[in-house]
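Take a look at this one chain, the form predicted alone, written out in structure tokens.
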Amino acid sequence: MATAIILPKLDEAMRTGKIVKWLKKEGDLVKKGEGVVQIETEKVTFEIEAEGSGILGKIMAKEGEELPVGTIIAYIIQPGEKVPEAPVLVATAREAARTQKPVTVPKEEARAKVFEAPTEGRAIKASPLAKRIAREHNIDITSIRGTGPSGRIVREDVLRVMEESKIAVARPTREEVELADEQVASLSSMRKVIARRMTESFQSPHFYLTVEVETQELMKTNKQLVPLIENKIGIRSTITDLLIKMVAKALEDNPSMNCAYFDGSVKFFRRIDIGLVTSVEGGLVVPVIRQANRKSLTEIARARAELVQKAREGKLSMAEMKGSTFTLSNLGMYGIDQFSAILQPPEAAILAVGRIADKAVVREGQIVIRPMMTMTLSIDHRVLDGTIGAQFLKSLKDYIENPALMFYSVLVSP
């Protein structure tokens, strides 16, 4: 029995997915649990794993093609087994929403659900996206020659016809001709989401509070803890781990900061879940360290290392990127002195951290050199005021300049 690999629905907002890369070729052996294809959504890139072992018998979706949730994109078969002759679409998207794993479709049922548009006695094989583009631009899809598997009409075929017939293609202006050496690239799904969320974010009234902190004791504490934690869990802790713990403690001291604007009201969070802005290829993601106030520094270092690695491998789940109550963005490792971060809706605050650098400062009437760091707190003025933000920064500054306040037992697991 052929096993259909279906484009799954990861959350309620997901409508389509883009084929990024096939990890297997037609005819390759596939083992259960092995990654078969990489899919990109608006929020994350993930792998679809094989539900069972067999042979990748047929691929119906090209790399770069965007398809609706529920589309069958490939089949896994057993030796000597045949696959349905045409692409099929799952009966309802609800079936795909139930699971992220492939489902098995009986051959007879698959044949009965061939996604085709009968016209003048024959069936037109076309991807849903190709049909939609053709319909929106009044193109007769029966006149298009398909270049997909088994002659299937795909998105590129419709766009080719549009270009050839000059549909929605304007004559280039003189300025465009003169700038022919420039390249315009479409935004990736991730960048589209970033653009939309940043536009939404700036609809809220931001204001900013900046403070400089001395980091001599912070660096000394980190130096002492690195070998202890590395020996315990095999992970090298960082200044960021200490900052996550200190931010969580400062939020405990100032619970009014741990909030969000919600439909004309303010929502106060009892949990303290810290989002960490992480750079990945093509954009940014924000994995979440849950209950950071209750975790030891050892546990935070482990969680941070695992989440960052998964982020850069494109393996973060939606659950690992949702539900933060406060966000930390650290660009110090890139040599940035100071910056202002944009709020992560619906959160009411985000902390931007710059690099640690030696500066001349005045201590007890004397000019001395100290390692200093600049922090900027961005606040949603609809629910928070400057006084609350200033009190939070003072608590955080105290912990950074005197880590002993956190107690050694709080920072490291016994």
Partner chain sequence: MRDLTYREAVREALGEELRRDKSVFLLGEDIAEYSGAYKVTQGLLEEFGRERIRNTNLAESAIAGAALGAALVGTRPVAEIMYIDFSLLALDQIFNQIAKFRYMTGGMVKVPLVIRTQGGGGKAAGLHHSQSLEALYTHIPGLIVVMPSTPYDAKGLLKSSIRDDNPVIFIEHKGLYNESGPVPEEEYMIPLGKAEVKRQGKDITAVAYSKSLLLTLKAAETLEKYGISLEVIDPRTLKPLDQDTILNSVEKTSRLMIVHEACKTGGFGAEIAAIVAEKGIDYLDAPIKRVAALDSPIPFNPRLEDYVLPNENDIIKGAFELTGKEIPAELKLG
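Positions refer to the first chain, counted from 1. The term rigid core refers to the most C-alpha atoms you can superpose between the two forms while keeping them within 1.5 Å. Keep in mind that what you see is a predicted model, and the values were worked out from it rather than measured.
One more form of this protein, predicted together with its partner chain, exists but is not displayed; see below.
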Just checking whether E252 would be counted as a contact of its partner chain in the predicted bound form - the rule being heavy atoms within 4.5 angstroms. no
So, S127 and its partner chain: in the predicted bound form, are they within 4.5 Å at any heavy atom pair? yes
With a 4.5 Å heavy atom cut-off, would you call R304 a contact of its partner chain in the predicted bound form? no
Is E217 a contact residue for its partner chain in the predicted bound form, using a 4.5 Å heavy atom cut-off? no
In the predicted bound form, the one of R132, R236, H206, K310 near its partner chain [non-hydrogen atom within 4.5 angstroms]: R132
Among D337, E81, E156, E212, which has any heavy atom within 4.5 Å of its partner chain in the predicted bound form? E156
Heavy atoms within 4.5 Å of its partner chain in the predicted bound form: which of the stretches 293-301, 337-345, 132-140, 313-321 has them? 132-140
How about S150 - superposed on the rigid core, does its CA move between the shown form and the other one by 2 Å or more? yes
For M321, decide whether the Cα shift between the shown form and the other one is 2 Å or greater, given a superposition on the rigid core. no
Please state whether A311 has a C-alpha shift of 2 Å or more between the shown form and the other one, with the rigid core used for the fit. no
